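Coming up is one lone chain in structure tokens, specifically the form predicted on its own.
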Amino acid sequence: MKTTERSAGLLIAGITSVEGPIIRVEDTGIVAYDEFVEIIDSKNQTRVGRVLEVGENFAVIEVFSGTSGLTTAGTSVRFSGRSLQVPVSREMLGRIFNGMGKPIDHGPLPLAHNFADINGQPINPTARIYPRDYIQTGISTIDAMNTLVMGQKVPIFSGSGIPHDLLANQIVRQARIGSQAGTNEERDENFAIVFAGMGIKHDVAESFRNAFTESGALNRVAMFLNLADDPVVERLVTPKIALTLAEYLAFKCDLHVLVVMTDITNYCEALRQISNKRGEVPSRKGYPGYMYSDLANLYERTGRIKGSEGSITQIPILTMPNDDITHPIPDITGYITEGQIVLSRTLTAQDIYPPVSVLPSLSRLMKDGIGEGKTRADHPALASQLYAAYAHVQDVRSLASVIGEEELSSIDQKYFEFGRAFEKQFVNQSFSENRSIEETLTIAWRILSILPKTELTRIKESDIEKYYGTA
């Protein structure tokens, strides 16, 4: 079949095969990888897709909205000569979109005079600024012991049935710039949130929508929702569109943007399905070998750059299959990101929320975002002491399971008491409880005061005299 000139929009009649969300086109001429295409079916309706693979005179295309109803005889493909671009504007805050960036909140199309490539723009590593300012989430286990820093990427590792959706909801409602300068209202004006849901259930999406609306947080949130019954291929585009808006808000509008993405596991499952349809050689657990670089392309669209006052911070959420932290998805994610927050099934069973497992959790940039002038001067040492004490609690509990709690030494019994108080008073907090950093540190001192002063080996004597037993 003859083709028209590229300048007129390359038009090819007839596709040679359809398999799942993948179509194959031959006699294409010159076509580029990742090129945006339009697929026109027999009813003259248009779908969109992108080029997955190119060869000598053929192209493999993934159709974002699926291939249902497409026939080889009645379908034509138009190549655009560019990658997929989406409109971006500050007016998209307060709106809800589907996984392809189309409004689903019954509002008008947002006015957008700027279009951006969903693959983002590469950032010169030398232009990056080291993250040093913290974000307050109102959640003690994060703010005190795994502090989130603006420009950082910290995933949440969860599992099926663990309330990670509830935690994501709470973070979006409560997160704000943690600097001590200015009022909360002044800081909130420069803070925005982009939420991307991939393969989430309808009731979960509705719970997010209702919670953000009722709390007033929706005014500073842009939501992108790919639901469980939406096309699988769309899942691969949703986080890229969300991050494209975040880059515009951060680097063009000078806002501090927090990007929350759930569930990365659904994204990776979509990658695996497409890879299998293409007949690619699988890697670990059947996932494609390029999953590392694909996830890196998402996670590395984070940070701060010279010449811009804004920043992008990422909290991707993933459910670990079989709670296996060595599974390829959490394993690869841990290599790319700067720490992780691990949720515990054991704490969930004890009705402790949020069920953050403190010991395996980590924020690698925390030390640069806390301390005097940022949170409080005693914060670094206090967090270190809490961690050390709670780690010792695990040893004490193991010993008590053998000899019984009543046979423990007086010091170990104090640690046993500390462990219960730590989980019930510090880790545990209600879904609606938004703790300031001062409240969090006060609770930490109250719990540490259960232990004798001689056990507080990581805290300055002056801080012990100032705070011990006063909370």
Partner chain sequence: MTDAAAVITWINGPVIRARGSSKIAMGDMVGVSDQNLIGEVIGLHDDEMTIQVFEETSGLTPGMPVYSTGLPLSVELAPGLIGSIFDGIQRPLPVIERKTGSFIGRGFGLTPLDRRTRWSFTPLLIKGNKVSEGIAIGSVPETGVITHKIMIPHGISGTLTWVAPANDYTIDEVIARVETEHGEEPITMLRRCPVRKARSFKNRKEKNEPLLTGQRVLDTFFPLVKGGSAIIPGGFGTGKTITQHQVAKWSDADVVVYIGCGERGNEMTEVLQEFPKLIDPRSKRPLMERTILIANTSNMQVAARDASVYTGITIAEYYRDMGYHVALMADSTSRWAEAMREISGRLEEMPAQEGYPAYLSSRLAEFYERAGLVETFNGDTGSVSIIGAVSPPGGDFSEPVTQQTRQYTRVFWGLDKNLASARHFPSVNWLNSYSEYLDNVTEWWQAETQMPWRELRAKAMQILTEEGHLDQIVKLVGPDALPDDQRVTLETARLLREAFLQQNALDEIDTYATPQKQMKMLELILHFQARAEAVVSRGAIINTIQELPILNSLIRMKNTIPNEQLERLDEIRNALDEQFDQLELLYR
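C-alpha atoms forming the largest set that superposes within 1.5 Å between two forms make up the rigid core. Since this is a predicted model, take the numbers as computed values, not measurements. Residue numbers count along the first chain shown, from 1.
Keep in mind that the form predicted in complex with the partner chain is not shown, yet the notes after this line are about it.
Peer 1: Name the residue from 265, 170, 244, 337 that puts a heavy atom within 4.5 Å of the partner chain in the model of the complex.
Peer 2: Only one listed residue qualifies here, and that residue is 337.
Peer 1: Here the chain is shown alone; which of 204, 399, 93, 217 has a heavy atom within 4.5 Å of the partner chain in the model of the complex?
Peer 2: Looking at 204, 399, 93, 217 one by one, just 399 meets the 4.5 Å heavy-atom criterion.
Peer 1: Taking the shortest heavy atom distance, is residue 123 within 4.5 Å of the partner chain in the model of the complex?
Peer 2: Yes.
Peer 1: Whether residue 353 contacts the partner chain in the model of the complex should be assessed with a 4.5 Å heavy atom distance threshold; does it?
Peer 2: Residue 353: no, not in contact with the partner chain in the model of the complex.
Peer 1: Taking heavy atoms only, is residue 281 within 4.5 angstroms of the partner chain in the model of the complex?
Peer 2: Flag for residue 281 set to yes.
Peer 1: Just to confirm, residue 31 within 4.5 Å of the partner chain in the model of the complex by heavy atoms?
Peer 2: Yes - in the model of the complex, heavy atoms of residue 31 and the partner chain come within 4.5 Å of each other.
Peer 1: Given that the partner is absent here, state which listed stretch (218 to 226, 338 to 346, 72 to 80, 190 to 198) has heavy atoms within 4.5 Å of the partner chain in the model of the complex.
Peer 2: It is the stretch 338 to 346.
Peer 1: Any chance all of 68, 372 and 470 sit within 4.5 Å of the partner chain in the model of the complex, going by non-hydrogen atoms?
Peer 2: No: no residue has a heavy atom within 4.5 Å of the partner.
Peer 1: Quick one: which residues from 283 to 307 get a non-hydrogen atom within 4.5 Å of the partner chain in the model of the complex?
Peer 2: Sequence-ordered list: 283, 284, 289, 290, 292, 293, 296, 297, 300, 305, 306.
Peer 1: Does residue 336 move its CA by 2 angstroms or more between the shown form and the other one when the core is aligned?
Peer 2: No.
Peer 1: After the core is overlaid between the shown form and the other one, has the C-alpha of residue 104 moved by 2 angstroms or more?
Peer 2: No.
Peer 1: After superposing the rigid core, is the C-alpha displacement of residue 126 2 Å or more between the shown form and the other one?
Peer 2: After core superposition, the C-alpha of residue 126 moves less than 2 Å between the shown form and the other one.
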